[in-house]
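A lone chain, given as structure tokens: the form predicted on its own.
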Amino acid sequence: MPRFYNLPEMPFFFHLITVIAIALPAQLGYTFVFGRGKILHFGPIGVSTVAAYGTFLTLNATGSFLLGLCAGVLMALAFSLLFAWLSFRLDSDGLGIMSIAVYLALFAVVLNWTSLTRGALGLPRIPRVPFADSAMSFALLTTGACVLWTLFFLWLDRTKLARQVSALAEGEWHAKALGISRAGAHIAAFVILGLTLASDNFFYAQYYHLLHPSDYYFPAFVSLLMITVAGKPGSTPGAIIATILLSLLKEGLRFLPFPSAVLGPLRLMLFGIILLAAVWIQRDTLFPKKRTI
């Protein structure tokens, strides 16, 4: 039987490393889609939800981490392709609204299909992979996966796909005149984001030994969006730095001498202020002016 780690007794250094390593791949994926591509995709937390539940419901049923990971990846890809299909059928505003609607629908299914998901109770006692049961080994495992994803995105920034996504964001009609397919570029971008979400959620629930729907409330998306904007939209190095700094800030707030009833709203207010400031500073990057002849 795996050992269930008592989080407060975990060395805080390993905790920080693990939290950052788990969060960064999905952050890089969303930076690529929303930051570089200017695609108003507001449903990544919905993809995270189905990927996580697909993974650990399969794990509970089969006892196989490999089958659980495969199920999570398939679920993430299926809904990523759905969002990609919506992205080249709708305009930007329509995609933003529809992606939120799909996320809310998925979340409602998770909360109400209690015979399968246990609803608001979540899935407890989730084991870790047998070879990474200690704090240090799990931190090393997640860091290794994070490094591989980071190298992939640094390489991706230099590829034809990245240039196509940037061109579509800057001027779709000009990009189409150059032979760039919006459908092809969006499908590739959404698939990459879906894979990063499946990777993150494979580790996240293992780390806390719990899969709970409260981890997939809308504030989780606000955090994802805040880091993307604060790190300069579309910038991989910026996303890395912003993820590290804001994760340290989030974890550091735990040490403030406030009760949880005060600390939770205080954290949301602080992150809201950071998001507003980042949007104001990065407004020309987020909302570039259309080129004129």
Partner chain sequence: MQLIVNGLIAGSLAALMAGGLALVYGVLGIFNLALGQLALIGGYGTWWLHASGIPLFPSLIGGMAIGAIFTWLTFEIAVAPFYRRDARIPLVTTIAWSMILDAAILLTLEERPRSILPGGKHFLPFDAVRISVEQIVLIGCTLIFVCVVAWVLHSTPFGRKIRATVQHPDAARSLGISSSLLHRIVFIVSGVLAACGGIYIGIDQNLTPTLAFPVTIKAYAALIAGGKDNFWGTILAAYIIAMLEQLAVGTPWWFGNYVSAGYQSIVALLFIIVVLLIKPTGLFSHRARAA
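Please read all numbers here as calculations on a predicted model, not as lab measurements. Positions refer to the first chain, counted from 1.
What comes next is about the form predicted together with the partner chain, which does not appear here.
Stretch-level contact check against the partner chain in the predicted complex with heavy atoms at 4.5 Å: of 127-135, 141-149, 186-194, 85-93, the positive one is 85-93.
Using a 4.5 angstroms threshold between heavy atoms, L67 stays clear of the partner chain in the predicted complex. Within this chain, L40 lines the site of the partner chain in the predicted complex, having a heavy atom no more than 4.5 Å away. For the chain shown alone, A78 is not a contact residue for the partner chain in the predicted complex, no non-hydrogen atom being within 4.5 angstroms. Residue contact check for L248: none of its heavy atoms lie within 4.5 Å of the partner chain in the predicted complex. Not one of L16, L57 and L210 comes within 4.5 Å of the partner chain in the predicted complex, counting any heavy atom. The contact residue chosen from P237, G63, G252, P265 relative to the partner chain in the predicted complex is P265, the criterion being a non-hydrogen atom within 4.5 angstroms. Residues G94, G96, I97, M98, I100, A101, V102, L104, A105, A108, V109, N112 of 94-112 are found to place at least one heavy atom within 4.5 Å of the partner chain in the predicted complex.
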